[in-house]
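Next up is one chain by itself, shown in structure tokens, the form predicted alone.
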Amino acid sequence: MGELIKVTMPKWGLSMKEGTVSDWIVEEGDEIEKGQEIVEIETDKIANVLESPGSGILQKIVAHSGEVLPVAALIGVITDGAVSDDEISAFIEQENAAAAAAAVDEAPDPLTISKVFEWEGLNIRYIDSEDGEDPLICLHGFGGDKNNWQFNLAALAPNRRVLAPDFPSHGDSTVSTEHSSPLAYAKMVSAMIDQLELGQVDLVGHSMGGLVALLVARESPAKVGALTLLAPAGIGTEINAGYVDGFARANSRNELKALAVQLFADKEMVTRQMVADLLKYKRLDGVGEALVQLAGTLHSGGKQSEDLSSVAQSLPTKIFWGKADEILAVSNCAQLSGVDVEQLECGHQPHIEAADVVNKHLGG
């Protein structure tokens, strides 16, 4: 008897409840390989391509273009070996029934519950999988938030404890121009480690979050076991200062869309909802002023303000960098020695455009 492999609606966001099947890249009867891109999915946050969970024949497309289905719903069936039509029909019926029952009995996912700790009079929001060893804190980039880890946290949580805070003036944390600098953010992360009694942690930082991770490692080396840096600031000198300043000052949909597409190699990943969410965030009281101040700490004279390559070389560090990065050029890592650097076929968002590679390294 052959193997039946289910293709399901992925969970790509902490708040994602459903997704839309945009278009199948393959057809029924096609032979496909594990990891091959097979179907385009759109959520209210981002558009992306789902990779095949296994190798075999795409025997049945269950959900067609335009259908909106909840997370974990069956959208296709792959077979590896001989399987009858009756077996496939029974499998689809069984999986649909199991998904319906799971939706009724599902317990709240801790990764969907925002928590808060107080630091210097600010409310710092974060998410925490709570269970597991080897705590990993995920640090977002300039203008981002904890939800930027939508392709990573759920994949990592079964194997280790994962946490993701919003920096001040980002996400749901308190807006504060007084605390708008990478060094202030590093102090916040150090305080988080202490308050939650995490002991030694690993840090993964994207872009500005990479710089913050390097600063935590420099200021509190005993608290950091290893670093994973994703297109990090704080390495080398080159930076797209026009993007940084432009994002800090942008206040219209058109301005933000023109900036957002620079983040991805695949420009189609930028959705209307993504731009709308950015605009909503930028118009929060005090955010613009805080980001302008923060931008001024990230670069000077068109170059990065700090090069902490020596910190990366002082402890176990892995760097992932997109070859098509338009914000922080991959050439920034040219002078690094003794650090494992992996260049990927993506832009400035390796944890989104190459999530499987990053998750595998982090223990997912």
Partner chain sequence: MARMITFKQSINEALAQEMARDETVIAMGEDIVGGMGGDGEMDAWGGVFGFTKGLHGQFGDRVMDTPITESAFIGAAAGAAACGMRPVAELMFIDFMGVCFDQIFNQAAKFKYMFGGKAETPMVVRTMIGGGLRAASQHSQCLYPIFTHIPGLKVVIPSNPYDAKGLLIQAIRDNDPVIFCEHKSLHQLEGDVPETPYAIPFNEANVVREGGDVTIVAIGFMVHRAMEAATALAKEGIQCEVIDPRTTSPLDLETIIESVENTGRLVVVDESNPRCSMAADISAQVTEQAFGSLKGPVRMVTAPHCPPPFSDVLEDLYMPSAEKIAEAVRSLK
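Residue numbers count along the first chain shown, from 1. Predicted, not measured: the structure shown is a model, and the values here were computed from it. For clarity, a rigid core is taken as the largest C-alpha set superposing within 1.5 Å between two forms.
There is another form of the same protein, the form predicted together with its partner chain; it is not shown, and what comes next is about it.
Proximity to its partner chain in the predicted complex, defined as a heavy atom within 4.5 Å, holds among Ser181, Ser114, Ser129, Gln262 only for Ser114.
Proximity to its partner chain in the predicted complex, defined as a heavy atom within 4.5 Å, holds among Thr177, Asn147, Asn159, Asn240 only for Asn147. Contact with its partner chain in the predicted complex holds for all three of Asp23, Arg253 and Leu279, each having a heavy atom within 4.5 Å. The closest non-hydrogen atom of Glu42 lies within 4.5 Å of its partner chain in the predicted complex. Among residues of the shown chain, Arg283 is one whose heavy atoms approach its partner chain to within 4.5 Å in the predicted complex.
The shortest heavy atom separation between Lys267 and its partner chain in the predicted complex exceeds 4.5 Å. Although the partner is absent here, Arg249 is not a contact residue: none of its heavy atoms lies within 4.5 angstroms of its partner chain in the predicted complex. The chain is drawn here without its partner chain; in the predicted complex, the stretch among 74-82, 92-100, 226-234, 283-291 whose residues come within 4.5 Å of it by any heavy atom is 283-291. Using a 4.5 Å cut-off on any heavy atom, none of the residues of 218-247 reaches its partner chain in the predicted complex. Once you line up the core between this form and the one not shown, the Cα of Asp340 stays within less than 2 Å of where it was. Once you line up the core between this form and the one not shown, the Cα of Asp356 stays within less than 2 Å of where it was. In contrast to the form presented, in the predicted complex the C-alpha positions of Gly322 and Trp24 spread farther apart by 3 Å or more.
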